[in-house]
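Quick heads-up: it's one chain on its own, the form predicted alone, in structure tokens.
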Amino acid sequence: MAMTGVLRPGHAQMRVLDLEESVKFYSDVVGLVETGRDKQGRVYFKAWDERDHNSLIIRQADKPGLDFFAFKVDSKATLEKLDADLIAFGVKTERIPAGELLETGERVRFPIPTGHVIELYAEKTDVGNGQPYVNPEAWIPAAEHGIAPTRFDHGLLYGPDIDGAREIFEKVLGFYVVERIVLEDGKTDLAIWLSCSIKAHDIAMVRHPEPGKLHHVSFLLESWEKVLRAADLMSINRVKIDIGPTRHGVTRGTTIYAFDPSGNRFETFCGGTSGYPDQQPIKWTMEDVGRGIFYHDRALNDTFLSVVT
């Protein structure tokens, strides 16, 4: 459901330390589908039930982390309008030509005050999910290998000026705040969860002194049972788990956080509230922040707070 012209998170490009080890991890353990490799050496993936060509791109680098995070918009006309709106708002944009990413149209790239690079695009090749568009089956048994998320869902970014970033997302891109954690003064946001749809969130941000940091990218599962199955597969494959399986208070989603071989954190989750832009944001205060993040444990762990890439 597109409320504003921005449809959903479309792709993220991440840096990894060992490309082939990471390809094996995201293919065999996470259960993504490899869809291509380009001349730059980047490897492209999608979740089995996604229809666009790619949602996760990885490249070899000296340090892990996030290169950029992108959202798909509903048309080329919307892309042009949002580019103009960003410029009018004082944001410097850059046009990335079609084809620079495999099977992806022209992108509008711009920095946000947290130190991250965000992209918008309107076109990506529909490669399908292995099912016809007429009379499909409910699911494809052969597609569910590994953890097998149904889609790339959201990201959590760490950086200093989440207030400036929030302004861009709300005033230019049409997002709205679903939930927030406020500091002891009762006013300053420590963290915000923003949506462009009716999802619990499409992107989230935490106030952090270092710019441009990635806390996690997230993949959607269909049920709590699938989250528990993911925990088993992580244990079988000796994946380093940060925390979980557990539940969030914020968004109410059930979750596991773990690390890929390069130290990039990823989440497998299901559920969560539905948000609407006419609803008042839910506010969490610092005295109850542990329950807000980890509802069962009611306390934050050190790694979750401190480890970012």
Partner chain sequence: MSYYTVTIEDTGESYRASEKQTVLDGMAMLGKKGIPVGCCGGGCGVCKIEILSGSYTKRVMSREHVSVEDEANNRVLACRVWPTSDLRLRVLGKMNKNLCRDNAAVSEGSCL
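In this text, all values refer to a predicted model and were calculated from it rather than measured experimentally. Numbering follows the first chain given and starts at 1.
FYI, the form predicted in complex with the partner chain isn't displayed, but the following is about it.
- The partner chain is not shown here, and in the predicted complex it never comes within 4.5 Å of any heavy atom of F68.
- When the partner chain is considered in the predicted complex, K63 lines it closely, a heavy atom lying within 4.5 Å.
- Mapping the unseen interface onto this chain, M286 falls outside it, with no heavy atom inside 4.5 Å of the partner chain in the predicted complex.
- Put simply, W48 is far from the partner chain in the predicted complex: not one heavy atom of it is within 4.5 Å.
- Of the listed positions (R109, K124, K213, R180), a single one reaches within 4.5 angstroms of the partner chain by any non-hydrogen atom in the predicted complex, namely K213.
- The partner is not shown here, and in the predicted complex the stretch 153 to 171 never reaches within 4.5 angstroms of the partner chain through any heavy atom.
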